[in-house]
Ligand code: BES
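Listed next as structure tokens is one chain, alone, in the form predicted on its own.
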Amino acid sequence: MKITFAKHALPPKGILVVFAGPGPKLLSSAETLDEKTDGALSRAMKVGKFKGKYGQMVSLYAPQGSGLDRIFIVGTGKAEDLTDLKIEDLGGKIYGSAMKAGTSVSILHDHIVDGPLSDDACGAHMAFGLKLRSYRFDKYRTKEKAEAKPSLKNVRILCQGYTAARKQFETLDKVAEGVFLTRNLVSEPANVIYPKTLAKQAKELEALGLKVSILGEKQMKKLGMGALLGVGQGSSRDSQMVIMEWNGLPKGTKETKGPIAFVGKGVTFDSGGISIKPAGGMEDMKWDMGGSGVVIGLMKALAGRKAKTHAVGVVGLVENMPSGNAQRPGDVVTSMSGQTIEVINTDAEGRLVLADALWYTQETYKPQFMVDLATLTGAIMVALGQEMAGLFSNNDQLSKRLTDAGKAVGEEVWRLPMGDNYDALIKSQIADMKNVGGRFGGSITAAQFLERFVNKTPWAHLDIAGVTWSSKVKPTVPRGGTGYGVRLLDRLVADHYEV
């Protein structure tokens, strides 16, 4: 879908979107159009019981002689409540209603008096919402009928500050591209995306100016990554670790605190290993690489918008399969840190992957902070459903910044407790630790496990098991892979870690 920006004026033809506030009160351009059509908009609002509430919508076929085909009237709600996030959601709602109405739509955006955003910011964020909602993963659908597909190909945002809006959208569009990459990677089946092919996808980001290096099994073995390699030893596909580095600091900038770092779990398919999962729903385990997908998408977004920061993304990529060579319950592995781990459950594998990835990152780069993302536990969905990610951290400032960034972009997190009593639950009788605790507090004991591999580095763990995939449509998120985390972390960087 192509999005363009143009001068604020009533278009002579096509499908038009206009706005109305509470009352309902048509905004100025819509009011002018209502007069030109002898009150057609007012009549449609009355018949449709339209009150101008936020997100409310009514449509009508345009009166003969207007030149237009169809008109959508969209409610803005109270102007003072219109944040950039709400404007984005309006854009997504408009796409959802208009995606099969025709090939082209014009959105006539008046300046909203008393609203907190400028006219150009409103236009840019509305376009961002439209773009995010337009995503589809349909590359394997060969017989889908044309009428089942969206017909909308072109959207024009008509606003006073259209030049400034276009410039703002250029940055937001790069973030959307990062989100789309993450959605694509998560949506691909496991016979297409596995460690080597996912590493190849990350390697392609070098075209944007990232430095990308890939460690194979021999290199990881030399480094002592027994925790990560143990997970992948049952698969015929070699494990990989990918390191992506973006240095967008202006020339001459002296770096005193080290880079910022993001670490992702990349289990490209999780059968559970010897502790095999039930067959029902196992097909969903293709998205157990969701954390790595977010890190790869984030690095694309940062490089695409040329973020003025130094960021490192590290992803551990494995396939967890049962075979004669697979890791067994009761095995003991030695991590890169030298700490030993008793593997009680081979389906608690993501933390083993992250253990070596986190240790490698903090030891190699001495970062300001590390944030890891993982579809780590089903327990987090029991606690938080599919509305928020679980946040665990050893640093209050980083936790607050993540929480604030999540609220700003609509990707919310909820901080859960950690402590010595929880840590004691992963004590092993024969090794330094075991990879699972008891029945209760599973997300917390998983986080306690990870904390043992970060030293004193400020660190946060995001358990995204409940938010990586969605079975329902949201304003800017279609069903399927959500890309959750890219916007959250991009906002974190933009608000606090750019020069």
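Residues carry their position along the shown sequence, with the first being 1. Bear in mind the structure is a predicted one, so any value in this text is a computation, not a measurement.
Quick note: we don't show the form predicted together with the named molecule, though the next part is all about it.
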item	value
Joint contact, Asp270, Val436 and Ala465 to the named molecule in the predicted bound form, by non-hydrogen atom at 4.5 Å	yes
4.5 Å heavy atom contact, Gly378 to the named molecule in the predicted bound form	yes
Proximity of Ala348 to the named molecule in the predicted bound form, heavy atoms at 4.5 Å	yes
Partner contact for Trp287 in the predicted bound form: the named molecule, 4.5 angstroms, heavy atom	yes
Contact test in the predicted bound form: Lys277 vs the named molecule, heavy atoms, 4.5 Å	yes
Options 252-260, 279-287, 217-225, 159-167; stretch whose heavy atom lies within 4.5 Å of the named molecule in the predicted bound form	279-287
